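Encoded as structure tokens, the following chain is the form predicted on its own, with no partner shown.
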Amino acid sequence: MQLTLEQTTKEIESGALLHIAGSEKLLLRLPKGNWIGGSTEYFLTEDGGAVTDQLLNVTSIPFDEYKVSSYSADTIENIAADAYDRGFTIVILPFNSRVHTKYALDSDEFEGLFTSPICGWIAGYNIMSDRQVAVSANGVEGKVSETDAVALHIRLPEGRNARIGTINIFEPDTDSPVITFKENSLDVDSCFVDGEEVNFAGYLREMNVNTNLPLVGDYSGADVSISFKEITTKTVHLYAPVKAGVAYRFAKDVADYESAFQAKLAPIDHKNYVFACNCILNFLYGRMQGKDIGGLYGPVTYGEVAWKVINQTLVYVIVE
């Protein structure tokens, strides 16, 4: 739900366990309490997509056993080890921080990463502002940070289990060439197109590729989207890393974002979800401001976490 600063403060003072998203200036004004948060001014709400620095998106987490931990780039590898055996974790990483880069590139190697559900998002800011920074917030410590991630580890009661779900409206274009890469990277100079090495930036320009659409990788049978951030003279900068050994294709065009999301959202049990986030690229390219895509509401983010960092994807958690 979207709340004012005063309403959010009352929720915190009630002792409730909360996940909070909002502008950096509002997060800095919140009192200590049982909450974690991250910066964004973009939201999907019951009233449609919204852009605001005056309201906070507040989600009550209805569980009693939990712990809140902050992580630097040097300690983020411990996130899975700190998780409960029966539960799930929500992590928030500031965009373009060292901890974000470390998690994006190396999380596959973190001990025990896939033994417990880990979801979350990359905190950002209003793209129209050149004065904001991305931050995470550890409400227990009263700490807002540009450099550290924050995680809420939740233990579930006996008989309850968390399941991470993703909605990716993109699928690979079977007419696309196969793109592969030498190494895991967020910044790519060269790649292989159907086995031939080329400069990736030059190839994208030469072929007039629509970089509003992501690369789609085959991750053991699951389609994972990797989005384009910026293309400079010789380098392609990405929002999530490509992986060596993974086959990618360019995505098929999506004619109607709203309909595509609604079709995939329809069969989901919305009553039992406890967390959701969606990518800012979907928000912008899908022109979601003012549109209710239905069912799963929360912050609009600079990247999503479903164990690893992904893009242009809606991530949610259902507790069953």
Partner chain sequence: MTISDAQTKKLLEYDGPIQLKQLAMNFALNRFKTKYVANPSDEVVTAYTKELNTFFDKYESIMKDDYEWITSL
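Residue numbers count along the first chain shown, from 1. Treat the numbers as computed from the prediction; the structure is a model and nothing was measured.
A second form of this protein, the form predicted in complex with its partner chain, is not displayed here; the remarks below concern that form.
- Although the partner is absent here, S220 lies within 4.5 Å of its partner chain in the predicted complex, judged by heavy atoms.
- Interface residue remark: V246 is counted as part of the site for its partner chain in the predicted complex, having a heavy atom within 4.5 Å.
- In the predicted complex, its partner chain sits beyond 4.5 Å of every heavy atom of F192.
- Its partner chain is not drawn, but in the predicted complex it has a heavy atom within 4.5 Å of N161.
- The contact with its partner chain in the predicted complex, taken as any heavy atom within 4.5 Å, belongs to E109 out of D130, E109, D175, E196.
- Interface residue among T180, T166, T211, N126, judged by heavy atoms within 4.5 Å of its partner chain in the predicted complex: T166.
- Per the 4.5 Å heavy atom criterion, its partner chain in the predicted complex is contacted by stretch 116 to 124, the sole one of 116 to 124, 231 to 239, 141 to 149, 89 to 97.
- For the partner-free chain shown, A306, W307, K308, I310, E320 of 282 to 320 come within 4.5 angstroms of its partner chain in the predicted complex, judged by any non-hydrogen atom.
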